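Below are two forms of the same protein chain, given as C-alpha cells: structure 1, then structure 2.
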Structure 1
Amino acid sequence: MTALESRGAERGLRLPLEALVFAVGLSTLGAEIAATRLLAPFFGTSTVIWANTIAVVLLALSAGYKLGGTLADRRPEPRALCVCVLVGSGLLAVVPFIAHPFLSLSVDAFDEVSVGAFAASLFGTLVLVAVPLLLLGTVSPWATRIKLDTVEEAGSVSGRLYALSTVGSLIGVFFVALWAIEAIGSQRTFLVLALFPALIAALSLFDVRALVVPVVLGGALFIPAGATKPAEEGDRVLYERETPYQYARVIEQEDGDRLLELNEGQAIHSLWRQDTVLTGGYWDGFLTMPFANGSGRPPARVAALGTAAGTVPRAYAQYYPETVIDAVDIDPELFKIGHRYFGLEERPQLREHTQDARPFLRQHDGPYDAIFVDAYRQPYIPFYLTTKEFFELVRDRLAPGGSVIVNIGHPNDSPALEEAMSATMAAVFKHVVRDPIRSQNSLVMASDTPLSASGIANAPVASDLKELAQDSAARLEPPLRGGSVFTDDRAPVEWLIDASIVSYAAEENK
C-alpha cells in the first residue's frame, strides 16, 4: 500500500488515529500500576515487585514496538491496526479474572523449588500482562507508518504521535493511582483500561462486529468483584478494600477474634478480642517493656509509628489512660477500620496522624518518653525506618531516659533482619536489649539509659499485667550479634526476607 492509499484508508475511519494512540497510551501505563495491585495480595508491594512489573511492561512494549513496525510495513492499514487493539484490549480485560487462580498456583509451584518473590512475581507479571501490552504496544509505530505522506514529515508525525501516547500514559497513571483503584477496585480498573482503547478502535471502524468487544467489556463492569482473597473455612471476611496504599481486609475467626491483614497477609497487623484489650501477641509487650528503663512509671507521651487499626493505643487507653499517644500511619483507611472493627475510640489523649513515619518525626519535636516502631507493610519494614540516620532522628526526638521499641519479624525463623537492626540501633544508642516475645517476632529496645529486666519485673502495673511483666522480664536478653549497620545509602531489607513471601503465600493456599 502506498502512502496515498494509507492516507485514504485513514480517512475512512470515524475517529483520527491520534485518538487511538492516546487511548492506548493511557491503557498501557495504567495497567502497569493496576498490575501491582493484583500482585500485592500474594507478593506484597516492595521495590522488588515494582521493579519486576516495570521491567515486564517495558519488555512487552519494546517487543510491541518491534512487532508494530514490522506489521506496519506489511499491512499499513488502519483496519488491521484497530483489530489488533481490539484483541489486545480483550486480553487485558481477562487479566483480573484469571489473576487469583493463576497466582495461587504459581506461588505453590515456586515454593516447591524454594524460589523467592523476585522470580515468582516476575513470572506472574510476565504471564498476566505481557501479551496484551505487547499487542497494544504495536499502535504507535503502526499509526506513524499510516500517517506518513512523505519521508520528510517522518520526524514531526512520529514526534506528535509519541507525545500523545506519553500524555495518555501520564493521565493513565494518575487516573489509576489517584482514583480508580480506590474508587472502583482492581477488577473494574482493568476493565475500564481495556474498554477505552477498544471503544475508540470500534468507533473508528464503525463496524457492528467490532462494537461487540466494547459492549461485552462494558457489560463486564457489572460483574461483582467478590472477595480478592477468600477467607479460610470457618472464618469470614468482614471488610476488604484496596486503599491508595495497599490491599486491606478484616477477617473474623470462628471464636470472634478479628484480624487485620495487609497485602499478601504474611503478618497480622492488628488484633481485636471481645471483652479484653490483651491479645496474647507481641502487641502486649509494648505495655510492659518501656519499664525496662527503670523509671517506675508508664511513658507520659508516646509516638506509635505504624498504628494500623490501633491495637496498642486501644490497650494504652485502658491501662495508662493519661498517656498521650501520637498514633501515626500513612494509610487513613486503617484508622477508619480501627474505629469500625477494632474498638479504637476517639479520646483527647489519642492524636491520629495520617503521615509517613519518618517525615512525621522530622516535623514533630516531641519529646517522647517512648517511640514504638511497628510500621510493617508486608513482612517488610520500609528500608528508611531501619537505618542509622532514622534512629539518630528517633534519638533526637526522645526525652531524657526515653527509649525506642521496634517490632522485628523474622519469617521462617531467620535472624538476619533482627541482627542487622540490632547492629544499627547499637550504632546509635548505648544500650540495646531484646525480648523474643514470639517465635517470629522480637521486640528490640534501645536507649541511652541502662535497661534491665528488674525494671519490668518491678513495674507498677495492673494486676492482670503482672504475669505479662514477669514473663517479659524473664525473656529479656542481650541483642543478637553479627549484623551489618544499615544506612540510608545501603539497607537491603527486602532481599533478606524475599523468599519468605512465596513460602507464606503457598501455605495460605493449602
Structure 2
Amino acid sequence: MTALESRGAERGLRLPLEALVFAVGLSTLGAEIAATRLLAPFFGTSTVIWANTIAVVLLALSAGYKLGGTLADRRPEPRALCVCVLVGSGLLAVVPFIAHPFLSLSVDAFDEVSVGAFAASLFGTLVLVAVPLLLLGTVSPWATRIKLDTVEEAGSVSGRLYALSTVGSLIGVFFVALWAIEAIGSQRTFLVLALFPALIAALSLFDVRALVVPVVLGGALFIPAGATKPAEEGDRVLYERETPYQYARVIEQEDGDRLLELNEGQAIHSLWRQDTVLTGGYWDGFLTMPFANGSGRPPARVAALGTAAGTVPRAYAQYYPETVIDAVDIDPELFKIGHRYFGLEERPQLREHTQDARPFLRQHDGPYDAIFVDAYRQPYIPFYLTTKEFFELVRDRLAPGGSVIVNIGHPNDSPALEEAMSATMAAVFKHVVRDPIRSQNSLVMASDTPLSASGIANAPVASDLKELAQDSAARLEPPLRGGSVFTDDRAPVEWLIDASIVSYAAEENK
C-alpha cells in the first residue's frame, strides 16, 4: 500500500526526484565554500574561524537530516519536500544581503580587540547560513523515504541518492571555488546557488505560485554588488578583488603610501612609497642581511619565495640591478597587482613564477646565493615551509656560502614560532642568527658559512643603505633557544599561533 502511494505521489512531479537531490547536493556544499569566502575578507581563514564555520555548517546539516527523516515519515509527499526546498533556497539567497551589517561590525571589533563584538559578528553571519542549510539538509532522507518501495532495496536506493547528492556537491565546490567567487562575486554566487534548487523544485511542482521564487531570485542577480568591504577613514581603496586564493585589496593612505592587504587585512603584505623603494619595514632587511656571510658582495642569484606584490624585487632592481631574482608566489593576481600599483617592473633579471614555494624549489636547481622565505597564508606560515625536510631542500639548492633568510612574524608578541623555526634551521645548518628588525617580525638567517655582524657593517652598499646596514649589524644576535624541531610529520604551526591569538584576546578582555 505504502509503496503504491509513494509511487503515485512521485508521478505528480514533472521532474525526477533525482534532479532535486542533485541540485540540493550542489547547493549545500557550494554554500559552505561560499560562506568561507564571504567571511574571509572580514575574519580571515585562521583555524579559529574555519573551525566555527565547519561546526555550524555540519551541525545545521545534521539537524536537517534528523528533521528531514521525521518530516518524511509524517508527510512522504514530494510536494511538501519541494516547498521545503523553495523556502530553504529563498533564505539562502537572502544571506549576502543581510550579512553585511553583521560583517561590518567585525571591522571595528578587530581594531578594538573586542571579543564580544567579534563573536557576535561571526555567529550572526553563520546563523544566517545555517538556517537555509538546515532546510536543504532535509532533502536526502526525505527523498529516500519517498523513493523507497520495499525494505529489501533500502541499501541501493539510499546509496544511489546519496551518491547523486555527493556528485552534486563535487560540482558545487568546483563551481564556487574555481569560478563563481572570482567571476561573479559572493553575492551572485549565493543567488545562483539558491536559484538552481529553487528552479528544479518549482519546475517539479509546475505551479505558477512556486515559479515566483526562482523568478525573483533570477531578478535579484541584476542587483549591483557594490564594494566588498568599506574603506576605513582617510584610506582610499584603489582596487579590490577575489583572487583564486583570497580577497586582495590595495589601500592608499592619506600620506600616499600604498598597502596590499589580504583577507581580513591584519597584516600588510606589500608596501609602496612614492619616491623611495625603502619601506621602513622588515622588507628593508633583505637588502643588507645577506652580507652577513662576509662575502662582501650582494647575492648574484636569489629565490624570493612569497613575494606578494614585489616590494623586495622592486628594491633589488634599484640597489642591485645585476642580481637575478626568481620571484615566486602562489597567487597569480598578486604579480598583476604588483605591476599595476607597486612599481614592479619587467626586466630580464626578474623571473616571475606562479607556483607554490616548495614544489618550485624542488623543480628548480638554482644554485642560489640567497633564498628568502616570506610566504604566509595569514596568520600562518604554511607548515611545509617550516620543517626540517624543507630546510634540507633549501640547503641543497644553495650555492657554496649561500644563505636562507626567513621572515617570522611574532603574532601578539609570542616568540614560540620563531623558537621552533630557529631550532629546525639549526638542525640543518651550521650557523643561525637573528635580526629582531621590527617588534612583530624577525629575520632569521641560516647558512653553513659563519655569519657575522661585521659582514653587514662593512658591506659595500649605497650611501642611503649605510645606516640600515649599521642598525642591522647592531641588532644581529644568536637565535632564540627552546623550540622543538618541526618535521613534515609534525609541525604544529597553526597550534602555536592559535594559542597566542587566544591568550592575547583573553588578556585584552580581562
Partner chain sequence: MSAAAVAPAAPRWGFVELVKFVSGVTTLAAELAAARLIAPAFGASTVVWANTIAIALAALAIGYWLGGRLADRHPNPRAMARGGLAGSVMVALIPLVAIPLLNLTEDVGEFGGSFLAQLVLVAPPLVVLGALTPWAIRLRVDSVAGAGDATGRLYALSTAGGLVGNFAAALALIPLVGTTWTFIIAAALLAGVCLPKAWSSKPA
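By rigid core we mean the largest C-alpha set that fits within 1.5 Å across both forms. Worth saying up front: this structure is predicted, and the values here are computed from it rather than measured. Numbering for residues begins at 1 and runs along the sequence of structure 1.
Matching each structure to its source, the form predicted in complex with its partner chain turns out to be structure 2. Once both forms are fitted on their core, a CA shift of 2 Å or more is seen for Thr53 between structures 1 and 2. After superposing the rigid core, the C-alpha of Lys388 moves by less than 2 Å between structures 1 and 2.
Once both forms are overlaid on the rigid core, the distance between the two CA positions of Asn293 between structures 1 and 2 is under 2 angstroms.
Here Ser156 exhibits a Cα shift of 4.2 Å between structures 1 and 2, evaluated on the superposed rigid core. On rigid-core superposition between structures 1 and 2, the C-alpha of Val208 is found to move 3.5 angstrom.
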